[in-house]
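Before any questions on binding or motion, here is one chain by itself as structure tokens, the form predicted alone.
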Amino acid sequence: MRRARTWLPGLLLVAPSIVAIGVFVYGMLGWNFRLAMTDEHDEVTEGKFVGLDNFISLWDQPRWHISVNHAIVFTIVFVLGALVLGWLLAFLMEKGIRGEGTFRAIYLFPMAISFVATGIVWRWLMNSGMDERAVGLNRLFDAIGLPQWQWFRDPDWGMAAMALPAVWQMSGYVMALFLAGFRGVPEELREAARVDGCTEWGVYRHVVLPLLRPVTLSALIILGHISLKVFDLIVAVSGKQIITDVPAVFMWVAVFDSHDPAKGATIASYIVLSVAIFVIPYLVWSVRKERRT
């Protein structure tokens, strides 16, 4: 009884959260994987178990290949763009500029906006109308003599343009992570490197940047899983168009437009597995790091 008094109150406190997560997260994931292994391709008949047939046959559909390729392009541009821009902003802020608090609030403000609101604004900014029909960025480019773009309607670079709103929204968050990492580097280490003859760039290259690897990894994991399951931003900007199709949009079309629950569950399962590729190694690394400390 004495031992129970030490752990029982805490267990009772977190028990509702544990039950809710078990039912509404892992329970729903299990139900989704079960549905993906059936032939329930309509909303009337009860499907039978077919194993991994849906996972294999999905790769025979051209739209699935298009959505996967688009997701890869979006992920690369979004992750690299947000990391580079966030690092540059943090580097400038780390130098102690005037009005740092104001600039920090301005850079972080886009993160407070939903992807839907961001998509609506950027849909106007990236309008593909040209010449006398130009609005948004194309109107600005026309005024200053730059070439106008088709933006997300471009068949080659449409998904790269689609990543621009996401970079704008998340780069401030990445800046905050890197700025905290910069400020966490002891000044003694920097001074020791300068005494040893390092230039300012050498200090950052050999001292600061290696110490920012955990921050970079955390930002990479966060941005990576956001990009792989992106849905609301795509729909808000372009709707359910093939030219900007991604797995999450394809899943929505399969379930609610084509009324094919098994196909939608299969696509959702692939999304979960792709996110797990990012998250699980990070969790393993975090646990090992805690054990070493």
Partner chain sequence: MRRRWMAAVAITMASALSLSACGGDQAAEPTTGGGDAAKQVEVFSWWTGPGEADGLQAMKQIFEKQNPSFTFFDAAVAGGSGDKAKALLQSKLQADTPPDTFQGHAGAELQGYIKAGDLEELNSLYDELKLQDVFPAQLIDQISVDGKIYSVPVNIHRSNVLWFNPGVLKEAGVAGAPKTIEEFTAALQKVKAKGKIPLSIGSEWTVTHLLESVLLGSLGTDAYNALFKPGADWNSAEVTKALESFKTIMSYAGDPQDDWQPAAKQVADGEAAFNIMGDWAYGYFHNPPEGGLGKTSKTDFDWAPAPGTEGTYLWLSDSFTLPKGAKNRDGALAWLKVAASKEGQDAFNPKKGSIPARKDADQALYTDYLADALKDWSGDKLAGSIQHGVSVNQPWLASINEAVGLFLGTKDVAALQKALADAATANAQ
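Numbering follows the first chain given and starts at 1. Being a predicted model, the structure only gives us computed values, none of them experimental.
The following text describes the form predicted in complex with the partner chain, which does not appear among the structures shown.
Enquirer: Which among 71 to 79, 200 to 208, 89 to 97, 150 to 158 is in contact with the partner chain in the model of the complex, heavy atoms within 4.5 angstroms?
Expert: This holds for exactly one stretch, 150 to 158.
Enquirer: Is there a heavy atom of residue 277 lying 4.5 Å or less from a heavy atom of the partner chain in the model of the complex?
Expert: Answer no; every heavy atom of residue 277 is more than 4.5 Å from the partner chain in the model of the complex.
Enquirer: Although the partner chain is absent from this view, report whether residue 56 comes within 4.5 Å of it in the model of the complex, heavy atoms only.
Expert: No, residue 56 sits far enough from the partner chain in the model of the complex that none of its heavy atoms falls within 4.5 Å.
Enquirer: Contact between residue 259 and the partner chain in the model of the complex at 4.5 Å, heavy atoms?
Expert: Looking in the model of the complex, residue contacts with the partner chain include residue 259, since a heavy atom lies within 4.5 Å.
Enquirer: Heavy atom to heavy atom, is residue 241 within 4.5 Å of the partner chain in the model of the complex?
Expert: Flag for residue 241 set to yes.
Enquirer: Would you say all of 16, 44 and 63 touch the partner chain in the model of the complex, counting a heavy atom within 4.5 Å as a touch?
Expert: Result yes, every residue of the spot touches the partner chain.
Enquirer: Go through 122 to 142 residue by residue and record those having a heavy atom within 4.5 Å of the partner chain in the model of the complex; state none if no residue qualifies.
Expert: Counting only heavy atoms within 4.5 Å of the partner chain in the model of the complex, the contacting residues of 122 to 142 are 123, 127, 128, 133.
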